[in-house]
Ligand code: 1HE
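Let's start with one chain on its own, the form predicted alone, as structure tokens.
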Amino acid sequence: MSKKDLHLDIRGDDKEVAVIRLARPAKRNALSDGLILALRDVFENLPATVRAAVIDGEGEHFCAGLDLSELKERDAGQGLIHSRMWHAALERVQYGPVPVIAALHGAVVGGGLELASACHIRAADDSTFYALPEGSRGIFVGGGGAVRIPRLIGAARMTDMMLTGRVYNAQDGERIGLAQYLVPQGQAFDKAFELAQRVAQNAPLTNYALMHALPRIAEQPADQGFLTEALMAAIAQSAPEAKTRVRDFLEGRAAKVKKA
């Protein structure tokens, strides 16, 4: 499948990894409404073989944010509806069918950081830099960043980024939690794809629990979280694949955890 601004490539021996590439390099992969809707459509229609996905950006940058050439004068109601459209699309990334790994390089700015924060794992290379310039442009984040980014770095750091225009480089971004992995320049995609292949080997119900249940447990009061955890654990361990994997471990057919 190939669209003008978004490419989908299914890879792996069992077609288990979807590589989704933003393809507007001349605009530093700035997010148009059409591109956001294409992302939504891709995640709603992934082939059944896919068990993990990678989001990458063509060219020198992951994504430089909202395509400001599309920014229109809207009244409050129109602006609300537009923002909610972005919310619905990026929710399909975060709460879609498979875990998503972002391969970050160059600009991860504004809406690009909102997209990255909707992914489950972020692998950045040394060229990566992060910013939220909306404050200096008289606008506010509208693609879910006000919810997702503070969960990664805290509200105080996000406030600082928007008030002052602070830019984080790759090393400091990884230190504060904007990425979980940092690799040499040019290796972000390879690392993200390696991680996606590993994730694709997990039991599907375990991946589902980590994507859909864990974030909600983290937001629940402790007594509700414990109950949700118990329910999810019971469902996951009852799956035939889980029983087979535990049996393989007990009978010595599965690898043991070793020191890294």
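Numbers follow the displayed sequence, beginning with 1. This one's a predicted model, so the numbers in the text were calculated from it and none came from an experiment.
Just so it is clear, the following notes concern the form predicted together with this ligand, a form of the same protein that is not shown.
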In the predicted complex, the residue from 231, 205, 68, 211 that sits within 4.5 Å of this ligand by heavy atoms: 68
With a cut-off of 4.5 Å between heavy atoms, is residue 191 one of the residues that contacts this ligand in the predicted complex? no
Give a yes or no for residue 151: in the predicted complex, does one of its heavy atoms lie within 4.5 Å of a heavy atom belonging to this ligand? no
Can you work out whether residue 28 and this ligand are in contact in the predicted complex, taking contact to mean some heavy atom pair no more than 4.5 Å apart? yes
Are any of the heavy atoms in residue 175 no more than 4.5 Å from a heavy atom of this ligand in the predicted complex? no
Within 4.5 Å, heavy atoms only, one stretch in 163-171, 183-191, 97-105, 131-139 touches this ligand in the predicted complex. Which? 131-139
Contacts from 94-130 to this ligand in the predicted complex (any heavy atom within 4.5 Å), listed N to C, are 107, 109, 110, 111, 114, 129
